[in-house]
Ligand SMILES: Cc1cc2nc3c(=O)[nH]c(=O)nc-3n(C[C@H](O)[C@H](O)[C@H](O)COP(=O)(O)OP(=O)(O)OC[C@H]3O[C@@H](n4cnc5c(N)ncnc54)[C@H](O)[C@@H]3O)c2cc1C
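As a starting point, one isolated chain is supplied in structure tokens, in the form predicted on its own.
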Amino acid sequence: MGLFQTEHENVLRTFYGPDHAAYESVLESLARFLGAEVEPMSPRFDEEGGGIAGVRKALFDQGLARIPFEAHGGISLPFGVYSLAMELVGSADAPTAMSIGVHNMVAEGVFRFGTTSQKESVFSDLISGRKLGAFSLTEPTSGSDAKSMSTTAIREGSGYALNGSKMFITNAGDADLYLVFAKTEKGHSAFLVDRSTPGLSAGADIPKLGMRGSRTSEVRFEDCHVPSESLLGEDGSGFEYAKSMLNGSRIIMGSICVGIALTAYRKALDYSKQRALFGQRLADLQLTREKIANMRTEITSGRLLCLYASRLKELGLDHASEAAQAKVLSTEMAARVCDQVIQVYGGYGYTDSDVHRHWRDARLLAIGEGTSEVLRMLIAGKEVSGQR
């Protein structure tokens, strides 16, 4: 079977009832393209440390970024369908999925908080793929503690002067538009900064353990002057915007990890049926079957929690805790599953990069967009305070 399987059909039927057939058609078409054009390229992206720009553009052309938006060129499908779509992309190539997921987080920020002019111009460019976005929050000395950022935006004439730097920025270097968070006199604010703006520069690519196909680097701002029209939403509201955008993105990062784990699991399952040990198939040994059962159960659990958080988002309900839960469970699950996949393969799992790259890709996502430790603090804080 291809990337889209019966389990996906059953999930769509369960969550979306009579509308499931139309959503199945969209996901089946996406899965066929991913299986033919993206999945075969994934090992090369990992080996060469780049090269995803072409397939990313092709996925934009197919309308992937348009799925969860209902205006200005969006397709207006449920967020849960987008979540499953990103699971499929994660199954085919995790770095491509992460790049698009971060890009669409920027698009959501413009869609939800931008002016009419920004929505009609910048937003349309983003969801069509004419422009690539980069979410620029983390700094060299402030990751989890984003409020302690040091990048400033000082009012000068009819605009602002940005000074500071951001670190570990996905899509940096390739991005056409940077959503930059900086401190103003009124607090933390967000700005849309074009790559051609004087004073903006992206550093060299940062070597990474995994997610090698996606570009990551530092972004610097040195007297980077932007007009007042670059301000996203209200001055001083940027931190609340960032938290809101991250809620949706955490669901998607969890879904990508479900996809990573699923691809690794399928490889291990197939290998266990072919590998002989002590005169029988590896898949027939009780210890292997225990691993298979545990991996399958964890993958299903991660997907369902991502879809539950997606459904809350669709209904306009508070989903901050559930989004955090989905990311914690799914990212840690993916690392465990991929570790067990390596164990099933034995020495080949440790030496064959096409096996261990899945663990390397998954490992990042328990750190980025909220570490598991910080997200557990968020979840527990809501439980203790009763803000549910």
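Computed from a predicted model, the values in this text were never measured in an experiment. Numbers for residues come from their place in the sequence shown, where the first is 1.
Although it is not shown, the form predicted together with the named molecule is what the next lines describe.
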query	finding
Distance check, G143 to the named molecule in the model of the complex, heavy atom within 4.5 Å	yes
Heavy atom of T96 within 4.5 Å of the named molecule in the model of the complex	no
Contact test in the model of the complex: A22 vs the named molecule, heavy atoms, 4.5 Å	no
C224: touches the named molecule in the model of the complex, heavy atom cutoff 4.5 angstroms	no
Y271, F113, F239, F168 - the one with a heavy atom within 4.5 Å of the named molecule in the model of the complex	F168
One residue of L262, A92, L232, V102 in contact with the named molecule, assessed in the model of the complex (non-hydrogen atom, 4.5 angstroms)	V102
Contact stretch among 157-165, 305-313, 130-138, 68-76 - heavy atom within 4.5 Å of the named molecule in the model of the complex	130-138
The named molecule in the model of the complex - contacting residues of 351-366, heavy atom within 4.5 Å	L364
